[in-house]
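Let's start with one chain on its own, the form predicted alone, as structure tokens.
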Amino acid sequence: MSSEVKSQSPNSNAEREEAMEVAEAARETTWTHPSFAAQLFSGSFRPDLLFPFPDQSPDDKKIGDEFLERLEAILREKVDPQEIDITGDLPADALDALIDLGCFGMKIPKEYGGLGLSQTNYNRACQLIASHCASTAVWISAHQSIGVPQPLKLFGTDEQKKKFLPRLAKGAVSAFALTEVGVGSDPARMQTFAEPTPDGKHYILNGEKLWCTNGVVADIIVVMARTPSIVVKGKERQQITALIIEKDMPGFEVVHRCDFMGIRAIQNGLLRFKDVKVPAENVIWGPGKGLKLALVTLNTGRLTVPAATTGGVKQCLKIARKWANERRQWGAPIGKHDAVAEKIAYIASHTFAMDAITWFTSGLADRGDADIRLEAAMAKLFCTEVNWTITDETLQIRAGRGFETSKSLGERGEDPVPIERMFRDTRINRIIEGTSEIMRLFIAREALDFHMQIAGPLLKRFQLLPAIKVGLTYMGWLPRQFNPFTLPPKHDDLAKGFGKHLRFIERTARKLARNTFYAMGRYQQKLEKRQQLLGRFVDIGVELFAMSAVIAYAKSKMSQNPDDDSAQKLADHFCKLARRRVKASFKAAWSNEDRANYKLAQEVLADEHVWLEEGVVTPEYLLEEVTSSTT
């Protein structure tokens, strides 16, 4: 085995430390508002942060209803998702109609010419659009969820807002440029650089950005770039700064429009900046605050993804229900067969769960009295993973007709059901705005913040006085997590019929806190490398959060319609399945093949099993590597 596989080189360790420092410096270090999810990870179940469900007010719902009615008419009349998928372009008349309706200014305040919709109504609109055409939804969401309007609303100066927001509300397209060819989730390796001019009035921007959605057609772009480093406590620290770029600035070039397996009409590409002269007043929030700006922006920006994916699974439920009733095999509709019925039950109960999480997090964002960085990340992770499973299962239920394109189905006289296109479109959701793997690491870091604030310094260097303080703190915390006699209350008063599930959530939150504490003590600084273990803890926390949102949502639905037990049945079924997954994750946390997995993977990477690759036609782009590995 090569030395590179056996141990980390000094350079790789230094790169990791630098990356961690950059990421840690960009974190929000305080929790100014409570977080229900964060409390779960610390072993505390806070029903006051869960109930009542943050339902949309009647007045706000009326605004949304009226807007969605007009939006749906445009989607039906102007937006042909099949044709858009085939041509790879959003028609100009469809784009103009959406602009005229105000879709590009949904989140922009009215004082700047926008609609000023609430987060809930904005997500309702995105859900509706995504249920019809994923490409169109990405055009809209990339512009507002992570594009220029959101960071300007949060951190822009009055001058910046007055200059750019009215243009954006009227249809000027915006984009967000972070990723580079060699940089994905590791901003410490960013190469795009903005050098201040001697007089301090401008920055000279050079570099390239990849996979910038809307970048090909964008009028205004937020670009993340390195600016000169600063010295903090005698150590150099990288600075990442957010700058506003306009397409007519000399030196800006669209090099390539990327083509993808799904969402084929999005305008995503490779952008190049060569000596672009950017006014200093185009810096958002201030030098060195770009990465933190991006992270804070994504806290609410990520909420669009759950809404959009929920729109997709609602269509899957319609399609699966109709087909399972119509298609007959062996003398009965396929929905009567146990194997298919299991899939239908999963789709229905988990669609309800996605709905609950989407509107719970949207409502918290509108209410503004909760820290939702964990909730938003959990919503994104849960909904994208479940969305992929539901879409796959719906394709399986449709079988050969699920694999056939809607165009082909229609041409031979069948309903043009677009599951094949939906399958391609939805795969990206587990990647964009943080891959599922990165989301688990992000959630793990935020979830561990309770312990890091208490014991973090001791993990680096033991000191007596801090150790005593840590010991005293945990003397109060630990008994509450370990004492088997402090049983949770029945909780039937919180949500009738769900007491057993709420007790499970509270009891399991304590168990999760105990396991996390044990893992920190056992692995200490090496815990960050135990990504599979941390991932299981995160999955447990996400399931508990999902169960909580589902129960609160079901209670709200039941109070609105006391004679309808549909919500209770869906919620109960989801909670039962979630409990099974939680138990499996706990078991796998300490009984697994993690070390064996890692060892085998490193052997594969060290060319110890290349004989497995024999018997195939090796592409030219792999030929040189394979030849060198086998000689």
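Residue positions are given as counts along the sequence shown, with the first one as 1. Fair warning: this is a prediction, and the values are worked out from it, not measured in the lab.
Absent from the display: the form predicted in complex with a small molecule. The rest refers to it.
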Name the stretch: of 195-203, 517-525, 175-183, 228-236, exactly one has residues whose heavy atoms fall within 4.5 Å of the small molecule in the predicted complex. 175-183
Does any heavy atom of Cys316 come within 4.5 Å of a heavy atom of the small molecule in the predicted complex? no
Please determine whether Ile431 contacts the small molecule in the predicted complex, using a 4.5 Å cut-off between heavy atoms. yes
Touches the small molecule in the predicted complex: Asn268 (any heavy atom, 4.5 Å): yes
Is there any non-hydrogen atom of Thr213 lying within 4.5 Å of the small molecule in the predicted complex? yes
In the predicted complex, the residue from Ile99, Leu441, Met558, Leu295 that sits within 4.5 Å of the small molecule by heavy atoms: Leu441
Quick one: of Glu437, Glu253, Asp415, Asp492, which gets a non-hydrogen atom within 4.5 angstroms of the small molecule in the predicted complex? Glu437
